[in-house]
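Listed next as structure tokens is one chain, alone, in the form predicted alone.
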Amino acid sequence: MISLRPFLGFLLFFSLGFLLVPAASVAADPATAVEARHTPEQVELGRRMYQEGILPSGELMTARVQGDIRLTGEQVICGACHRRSGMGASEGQEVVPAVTGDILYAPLRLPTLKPPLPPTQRAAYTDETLKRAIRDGIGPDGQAFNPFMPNYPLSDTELDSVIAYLRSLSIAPAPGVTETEVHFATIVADAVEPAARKAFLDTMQTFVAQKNVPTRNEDQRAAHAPWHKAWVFGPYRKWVLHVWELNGPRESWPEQLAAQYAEQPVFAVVSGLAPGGWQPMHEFCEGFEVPCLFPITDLPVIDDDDFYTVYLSRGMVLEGEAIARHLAEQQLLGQVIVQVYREGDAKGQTAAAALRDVLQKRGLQVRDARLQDGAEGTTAFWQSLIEDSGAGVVVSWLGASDMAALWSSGLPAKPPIERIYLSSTQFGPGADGIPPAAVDRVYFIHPYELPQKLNRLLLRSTGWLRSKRIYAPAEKRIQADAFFALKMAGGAMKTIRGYFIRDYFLESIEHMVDNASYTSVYPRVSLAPGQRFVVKGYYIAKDDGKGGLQAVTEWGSQ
């Protein structure tokens, strides 16, 4: 996905004033609908041109700026700047205007002047003036655009496809939004431990209940706003949170999700908690085009082509790749590397696969040792594994109880183990139980803030949780992540200003995350257009001598 920055100089397309216009002030015009003459095939061709820069012929689109500078490929993709929603974007004083059909084909007016005759910022487009704008860079009033706005040498047939697609884009509210309410869901599976479930739902439900308290008479202001304030007060909606329970085998979850959505459509899914991978929920949200914000999972779906699910971290995949990177930096790739995980443990298997994939791409091998499901990691198991393999580096994706036998063995002396890597997600964020003889050789992959700094980082959420008497210290991460998801959702709802468009909602989050004052259990979060993971970093850490961890690397990224 292209960064917006190279394009912001020429993105004064159509108008600079569209962000001032409230959804209610754009008249619904039957002409904005996709007309019968615009076939689904034509809309799809327009979508490919707008989102991918591919002409109906299959060739890449081209354009010119400043009269004679030729651009092609990703540089001329309309959606890179006007965004997938068609609602544009802004950065500083630069504005990328909206290009949805119902905005383009209506006059653009200031929202704060008294009707019925507010001044027009620009006239409504017609098909012909829109073609001229795209092709020649001339607005509906005959004024030339900024010379950095690309001019596209498209045929009438190609322009008809673009127009068909723009007409298909709308500012009509998405399902799940009424005149007074916006419906959200959160997802909880029945296999979640009771304490975790309670901590999670307490956070979600208490936050929404507090948000709905009309401390400034928001509901009355929305219903009876004066004409010059309607665009400010009108977008207010109460939140309705639905808890979607998932019961029984995972294979039945897609059907359960579809049934709950059919009973009550929601605007977005906020957070969620389920053991195992997030794939059934991810596929539901992608299929129904429902935003899913920051589910709590170490097993996200990683697919660059998907749009609607935004995760906190790449989870166990990030951990496996991070260890591979550190091995290379420490010049340990020449050692015999053995990784250990338990069969049936999805987290360990996923991390092991990620490490294996990275090393195989380098032409290297990692030896896998698997504990059978239900079997214990005995002293004999560890001695046999190390002596038979000749391991110089052991990467363990096991918990503390499975590692106890290795510590009690005193570590086989031949061959000597130069390095042991542990996952703090699996083992725990501390070196308790590791014998002194092994401490200097044990390194942790730790994709969170260091334990001794975590309480300070979480002051914002824990202070609120304590004030509501719902703080659960043992479920600190779950509550912190849920609070982050809720804060991001609330900020995005303010930003979209009553344009209840799901794609626009997600695009707003992309522009908020970098400035977030609360980052959950992670030192830093960031999100660029098209990215779907806000955590890119991790620490490699060692025992700090006090039962905690000290970083031996900066907060790094892949």
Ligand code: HEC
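Small disclaimer: the values here were computed from a predicted structure and weren't measured. The first residue of the sequence shown is number 1, and the count goes up from there.
One more form of this protein, predicted in complex with heme C (HEC), exists but is not displayed; see below.
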property: Triplet 207, 486 and 493 all within 4.5 Å of heme C (HEC) in the model of the complex via a heavy atom; result: no
property: Per-stretch contact check against heme C (HEC) in the model of the complex, the hit in 353-361, 197-205, 260-268, 138-146 (non-hydrogen atom, 4.5 angstroms); result: 138-146
property: Option touching heme C (HEC), based on a heavy atom within 4.5 Å in the model of the complex, out of 76, 434, 480, 174; result: 76
property: Proximity to heme C (HEC) in the model of the complex, single hit among 162, 366, 327, 340 (heavy atom within 4.5 Å); result: 162
property: Heme C (HEC) contact in the model of the complex: residue 45, any heavy atom under 4.5 Å; result: no
property: Distance check, residue 238 to heme C (HEC) in the model of the complex, heavy atom within 4.5 Å; result: no
property: Contact flag, residue 188 vs heme C (HEC) in the model of the complex, heavy atom cut 4.5 Å; result: no
property: is_contact(residue 167, heme C (HEC)) in the model of the complex, heavy atom dist at most 4.5 Å; result: no
